[in-house]
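Just one chain is shown here, as structure tokens, and it is the form predicted alone.
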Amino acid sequence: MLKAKVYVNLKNTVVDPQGLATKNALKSLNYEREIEEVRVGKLIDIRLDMSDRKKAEQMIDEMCKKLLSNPTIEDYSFTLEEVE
């Protein structure tokens, strides 16, 4: 069995309003000097009932392109790990 962790974030060229709001909230909590930039994304965990790593990578990549991300404004990456 494999577990995929899919990370989806806005592309660097796209303004991230949620990230800006989070940055401003952190500044109001006196983290103004430490915080340079905040980008908010999403993490999607997918458990796969398969052991073929190469096939799993292809399938997850296809899922990301078709549904899990918007390729116009988002980038994605993923990791695969074996689980019991």
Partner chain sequence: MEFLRFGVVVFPGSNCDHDCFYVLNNVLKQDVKYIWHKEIEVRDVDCIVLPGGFSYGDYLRTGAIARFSPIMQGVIDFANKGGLVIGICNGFQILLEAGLLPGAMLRNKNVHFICKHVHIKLLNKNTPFTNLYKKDEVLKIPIAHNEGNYYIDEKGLKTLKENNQIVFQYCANPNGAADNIAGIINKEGNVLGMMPHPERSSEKELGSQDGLFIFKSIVEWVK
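Numbering follows the first chain given and starts at 1. Quantities reported herein were computed from a predicted structural model and do not represent experimental measurements.
We do not show the form predicted in complex with its partner chain, though everything after this point is about it.
Heavy atoms of residue 9 never reach within 4.5 Å of its partner chain in the predicted complex, leaving it off the interface.
At the 4.5 Å threshold, heavy atoms of residue 42 reach its partner chain in the predicted complex.
Taking non-hydrogen atoms only, residue 61 never approaches its partner chain to within 4.5 angstroms in the predicted complex. Shown alone here, residue 75 lies farther than 4.5 Å from its partner chain in the predicted complex, counting heavy atoms only. Contacts between stretch 3-26 and its partner chain, counted in the predicted complex as any heavy atom lying within 4.5 Å, involve 10, 13, 14, 15, 17, 18, 21, listed in sequence order.
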